[in-house]
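Two separate entries follow, structure 1 and structure 2, each one form of the same protein chain as structure tokens.
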Structure 1
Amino acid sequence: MTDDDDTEDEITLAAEYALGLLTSGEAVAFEDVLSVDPEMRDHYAQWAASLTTLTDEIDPVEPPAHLQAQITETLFGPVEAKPSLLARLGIFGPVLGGLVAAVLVLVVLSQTNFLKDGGPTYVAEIAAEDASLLVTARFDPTEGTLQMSREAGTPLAGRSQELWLIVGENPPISLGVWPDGQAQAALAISADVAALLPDGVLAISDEPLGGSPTGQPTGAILGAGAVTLL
């Protein structure tokens, strides 16, 4: 046999393999060659690339909507119906803790006579489960500001802390970056965002200096707490 014949044999064999025309025994033998012979691999690769263009004429068809969920479940196991961002962040515990702690905040705030007239006042305690972060927040409707006080948890060196409002499944809304070196902060809140406060959770994340570069939390969630009506 000449070299040309050899090459032709290799080319047809690769094509037969790509088309699925070999018997299982032949295919296994071919795969053994394929794993050690770069030339054969090349032949096969070219056939596969060429043959897939035969599918260009096939129109895409949208698969039924339930299929994706089914595939996801097959691969990743059953999921609770649409876990919220909070659940995914694993901060449900602190949120519940926040609800309990909020009662405490209410008392503290009442005693210090923070209350002013002008609409509902909301409070939240943003806490880490291990108490490494503790921030109390109070929305002042007359000023349109969120008054914040950090009791524990200064930012890491060269990092900033950013405050977020999370409502249901929606992407977190940035309320601002904690001013450097301050224990107290007042963040201006627009009326639109203030309207979302009653249903929300406040969370603080660790971000690069100056805040998240993406507009969404990029670092660890340091603490979270549900907003409650004072």
Structure 2
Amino acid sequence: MTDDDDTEDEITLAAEYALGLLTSGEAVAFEDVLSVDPEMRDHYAQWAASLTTLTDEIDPVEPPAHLQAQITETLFGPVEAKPSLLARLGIFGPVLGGLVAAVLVLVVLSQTNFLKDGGPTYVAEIAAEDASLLVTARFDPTEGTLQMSREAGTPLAGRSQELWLIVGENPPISLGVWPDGQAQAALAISADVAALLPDGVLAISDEPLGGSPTGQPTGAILGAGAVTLL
């Protein structure tokens, strides 16, 4: 096979990924290539830019009001039925006893610090229903940072975890990639983004090493939690 044939195959593969035609396994393999191959990233970027122009002449349509609730329920399950973090931990019994104790200590200490900071403090509990991921988050208004502590759910080998803010029907906003190998992280939050926190949901997705190559989640949503005012 010639170099031209190889290039043609790469362009075709990038097009199939951009169109969502790859299987989940093929998409993950392609994303791994994206993270290390600049030429493949160029092929994908060209396809993504080209495909977005297809809708330029289509008039925007206001989505129905019920769509947000349907999307939220599809991604995260019924909001009303979702138990609190402590309730979810409680169902696992003594197997996770040590983990429960550690989280309780973290929550008590964190809330004490929140009250000292002054200003509105927002918190979120980001968790998978099977407890494979467990993250506590709080927005520090003094420092302008989102303080993250991961109790469970380390990234897969060669993958990264990325934090997103989802507000209504707007595209998710990337808040940053979790630093590799760290259980705690502080992500700087701009004033504009901080203003959106009261209406948002924090979610963590599985992404290629270094984060999403598209600016939007590409991998599985590992866990999510609504932002609440402390």
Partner chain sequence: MAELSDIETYLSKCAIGDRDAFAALYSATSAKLFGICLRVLGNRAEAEDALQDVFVKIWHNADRYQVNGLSPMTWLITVARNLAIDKLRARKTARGAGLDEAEELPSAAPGPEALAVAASDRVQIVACMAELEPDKSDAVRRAYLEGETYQELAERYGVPLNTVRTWLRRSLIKLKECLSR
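The first residue in the sequence of structure 1 is number 1, and each one after it adds one. Since we're looking at a predicted model, the values are computed, not measured. In this text, the rigid core denotes the largest set of C-alpha atoms whose superposition between the two forms falls within 1.5 Å.
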Q: Give me a 1 or a 2 for the form predicted alone.
A: 2
Q: Taking the rigid core as the superposition reference, indicate whether the CA of Thr12 shifts 2 angstroms or more between the two structures.
A: yes
Q) Any CA movement of 2 Å or more for Trp164 between the two structures, core superposed? A) no
(Q) Core superposed first: is there a CA shift of 2 Å or greater at Thr142 between the two structures? (A) no
Q | Core-fitted comparison between the two structures - CA shift at Ala29, Å | A | 48.2
